[in-house]
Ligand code: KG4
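This document opens with one chain alone, in structure tokens, the form predicted on its own.
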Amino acid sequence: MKTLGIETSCDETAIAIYDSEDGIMGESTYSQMEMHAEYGGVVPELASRDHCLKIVNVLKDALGNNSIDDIDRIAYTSGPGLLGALLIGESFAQGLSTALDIPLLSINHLEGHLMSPMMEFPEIKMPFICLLVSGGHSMIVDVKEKGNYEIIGQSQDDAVGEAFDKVAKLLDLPYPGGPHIEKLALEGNPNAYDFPRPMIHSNNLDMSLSGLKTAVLYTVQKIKDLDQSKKADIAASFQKAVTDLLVVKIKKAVEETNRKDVIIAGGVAANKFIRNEFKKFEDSLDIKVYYPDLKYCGDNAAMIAFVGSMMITPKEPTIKSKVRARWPLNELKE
């Protein structure tokens, strides 16, 4: 069975084909990152317009030598995300579904991230713990079974990726900030500044990043000559503070749930420093830590097609819009 996945929740126009027997048959992603970098963040209206301009060519690239007539079902991201961007993907998916007379499946973007490593590592079995960290979301999820997800911890303010972007701006680094912070941190001393780790000793699994971000702001304001060396030290110290917080929370989550598999997913999962720190405590906790391939850490259609392939075919077709800017994981229904 071949599932075509469509992802337009933010600033990536992505389409992929997943075969239940052969895996990914084709995929294509167009990133608007360069366009939005000029504004220091994603501009929703520009994102929607660009999805309109690029989605047909992205489909052609993803299909390659595959025939559109061989597609058995279509899965698309219907939330959470930017409403206008999501509507472009949904309209395109509805048009294809109607033209090809095949089922249409509405997919939660966050569920795609939760399941993405299973696409690459078939040995992963539910239940497992997932740390989902991106520009818009930071949460610890107990993945009990397909469609049964419990958020056991989350950021009370900024998402991790959002904090990286804001600190990058303080250091005059380009958007998106994550990769630039990581690169600059390689030149710095992670112990140069003792930044706070908010909520690291709390009794729950929730997190906070706003206090850390503010501490970086005050540090930058106090430095008269903010040269490259000092910027590198700040980047390295900030990155370490974030990682320390995440590691402590996941250790606590493993102890509380007794899960043996831990998945780190989302755009921030591409950070190599964070990956290495998590790998260090695999043996001591008797767990296995998994990450998606770097190209599947950010928004992509492969994960949407994969989740779609796992779902039951709807009994009746519908053209009613299912787009939701906010769609919590605990509201998912098969």
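Being a predicted model, the structure only gives us computed values, none of them experimental. From 1 onward, residues are counted along the sequence shown.
Although not depicted, the form predicted in complex with this ligand is the subject of the following passage.
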Inset, instruction - Indicate whether this ligand has at least one heavy atom within 4.5 Å of a heavy atom of P179 in the model of the complex. - result: yes
Inset, instruction - Could you confirm whether D233 comes within 4.5 Å of this ligand in the model of the complex, counting heavy atoms only? - result: no
Legend entry - this ligand contact at G298 in the model of the complex, heavy atom, 4.5 Å: yes
Inset, instruction - Decide whether P196 counts as a contact residue for this ligand in the model of the complex under a heavy atom distance cut-off of 4.5 Å. - result: no
Inset, instruction - Tell me, out of D142, E90, E162, D261, which residue has a non-hydrogen atom within 4.5 angstroms of this ligand in the model of the complex. - result: E162
Inset, instruction - Work out which of G153, G135, G79, P117 lies within 4.5 Å of this ligand in the model of the complex, going by heavy atoms. - result: G135
Inset, instruction - Just one of 245 to 253, 205 to 213, 185 to 193, 127 to 135 has residues with a heavy atom within 4.5 Å of this ligand in the model of the complex, so point it out. - result: 127 to 135
Legend entry - in the model of the complex, residues of 257 to 273 near this ligand [heavy atom within 4.5 Å]: G266, G267, V268, A270, N271
